[in-house]
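First come two forms of one protein chain, each written alone as structure tokens, so that there is a structure 1 and a structure 2.
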Structure 1
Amino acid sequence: MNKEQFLKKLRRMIRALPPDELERILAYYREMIEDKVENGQAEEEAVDDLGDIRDLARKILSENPNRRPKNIGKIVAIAVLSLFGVVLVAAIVGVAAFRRVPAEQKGTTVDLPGIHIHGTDSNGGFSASGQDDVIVDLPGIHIDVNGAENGKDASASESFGTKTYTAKADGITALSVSAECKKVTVEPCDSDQITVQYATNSDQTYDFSVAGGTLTVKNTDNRSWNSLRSAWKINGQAPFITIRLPRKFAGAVSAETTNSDIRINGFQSLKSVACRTTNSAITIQDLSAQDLGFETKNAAINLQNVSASQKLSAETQNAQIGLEGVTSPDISLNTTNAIITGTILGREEDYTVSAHTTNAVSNLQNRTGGSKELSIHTTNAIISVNFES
């Protein structure tokens, strides 16, 4: 299934959502697929990574508070007739004919056994655009219809704004970033200060601290699953944390996030770099350090002009590892169901090589006797790594 087929089918399966929420969710998955393709996956493979579309649609509908079945009156009438007969039909009709609920009585609950209807009362009937909230609780059936005020999605997450934190670089020997659902970028600047620009709203908690020479940036994202998708972008971009360190910074960098990219580039004398994320890519460019470690899953790791004087390791799942001009005396690359490809600077004979794949081929021959170590493992995909002196 390609991207357009997937989105068309998903649209059909979650069409009970309000139109604006539906479009936001579809845009989220469109962007996710396009990001995976940009990071080297085939379009069909990127779609397959999202799992069974029926399970995905059920999850979206079950976790989304804005489900709005069409023609709710018909649904209620059929359910009541089949379960409870004409007597309860009259009871439901009586509820539906309720006068408009005064402001002080919004959220009124009426208990009748059999059906749960969460909707809005507008001019004597249920409507997604009314202003008064009526809940009819009857065990057995659960129908949710969330109202909106003045045409605005009542559950939409508060929009993001950006803030900036600054700290003196003197005495800082390490940066530690821990975030949730934020794209993390670390890049050099010509200032003597450390600057952190970050996306925030009332659903976000940020803690900044300096202790023992380590600047710690910690973010907790309190948004619901639905809000994470409805407020996914800020001016076309994912919520972000961008840290700018002095170009001469020579300490350690640790960056961890979830479901978002990590990008680090432009540093030439770092002590170490450790990156971990999920379902998103890690991209490292023009960087030198003693130790480098990268871990993600279901997304690519891309290393370009990267050097580790001691050890370099990269591990992902179901996505490729791409190398361009990489060098280290100890290199470990591991993935599954995806290719490992690119170039390593140096001579092949200098390496003790352990290269293994299944159901595919490798252009590397296992060998011993080298003073350097190269370990490359994947499954069901080729290994194509060349050496450049």
Structure 2
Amino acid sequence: MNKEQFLKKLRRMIRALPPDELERILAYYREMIEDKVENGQAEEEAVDDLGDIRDLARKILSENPNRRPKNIGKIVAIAVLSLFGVVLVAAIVGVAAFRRVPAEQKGTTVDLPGIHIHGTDSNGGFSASGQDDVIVDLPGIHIDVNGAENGKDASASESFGTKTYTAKADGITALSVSAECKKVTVEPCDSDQITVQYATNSDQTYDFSVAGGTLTVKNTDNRSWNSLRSAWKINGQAPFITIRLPRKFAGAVSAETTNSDIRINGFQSLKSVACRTTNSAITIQDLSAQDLGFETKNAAINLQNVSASQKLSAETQNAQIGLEGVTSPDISLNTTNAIITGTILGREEDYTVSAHTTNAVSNLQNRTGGSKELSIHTTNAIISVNFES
């Protein structure tokens, strides 16, 4: 069989798969055959190498329990009836009928207990995609739509969408972000402006001010206590604030949030970075500054290719600290009940080392007399830190 015959036959045999997945699989095998041919194999031989096409098709189908749904209405009806009964079917139909979504908007997400239906039809209709049919959600009705009307439920909030704030970077020596339940990302850009992109709705307050060279972004989350759900979304995304700073920004960056991740990457000239969050990870990559301080709890701190010419401090609880290529003359890593692991760039002999854990092994020998300091503390977990030059 040649390549095209093979792919045509395989397509027919696995046609029950969702179209996206089908195309991905065929592209994968096409690419595989073409790469083998490019490396000197004859096309027929490359195809033969894949084995018996029926076995292959059977294997592919067995790995894909998601067949293309034949009757969408039936699936939705069964899901609803089996979970909450006829009343909710009426609620879904009622909401769907009244929500006319403008053609340019991507879709409407209606979150009802036990059901997740994601509409992608540009005419404002509803269809259930193969991937997200039924996801059990938290109790309570939260209607979140791309429109200015309030839902019937008193706890529904108006959705304004994503906004952008811009300021000239010239004259700014410090960025201070203080947010609640927002995922904070700081990334470099090649312009002379500072851009803050943020998801907002009527429950959020955002204050922007520039004073004494410091740009302050302050966000308050004013949701009522009964609508504080751990998985709430604005426009289908986890609420976020993304700040784009000029790549060469040389000032101080301070980012504080709660219950959400902080991510910073790609800056080489910063004066200092201080991050604090709770119950969520801090992930830092390709960062260089004088002073770096990271604090969270119950979630990991991951530092990759990070350098602090004066001091580096990472503190969390009940979660690991991971280092991949970290450099600093003064390193302090603290956590509990979790491992501290990775690589420090430098020589062990240069450091005064104080590494302590309980009920577990540390690969480091405590020593004095170094010109640099390394302090690593955890409990009930291993310390596995290596030095690399």
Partner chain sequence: MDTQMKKGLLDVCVLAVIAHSDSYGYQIIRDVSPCVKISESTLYPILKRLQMGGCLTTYSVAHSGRLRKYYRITPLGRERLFAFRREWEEMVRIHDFILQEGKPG
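In this text, the rigid core denotes the largest set of C-alpha atoms whose superposition between the two forms falls within 1.5 Å. One-based numbering along structure 1's sequence throughout. Predicted model, so just to flag it, every value in this text is computed and none were measured.
In this comparison, the chain shown as structure 1 is the form predicted on its own. Leu7 is among the residues whose C-alpha shifts by 2 Å or more between structure 1 and structure 2 once the rigid core is aligned. With the core held fixed, Met32 shows a CA shift of 2 Å or greater between structure 1 and structure 2.
After superposing the rigid core, the Cα of Ser328 is displaced by less than 2 Å between structure 1 and structure 2. Core fit done between structure 1 and structure 2; CA of Glu21 shifted by 30.2 Å.
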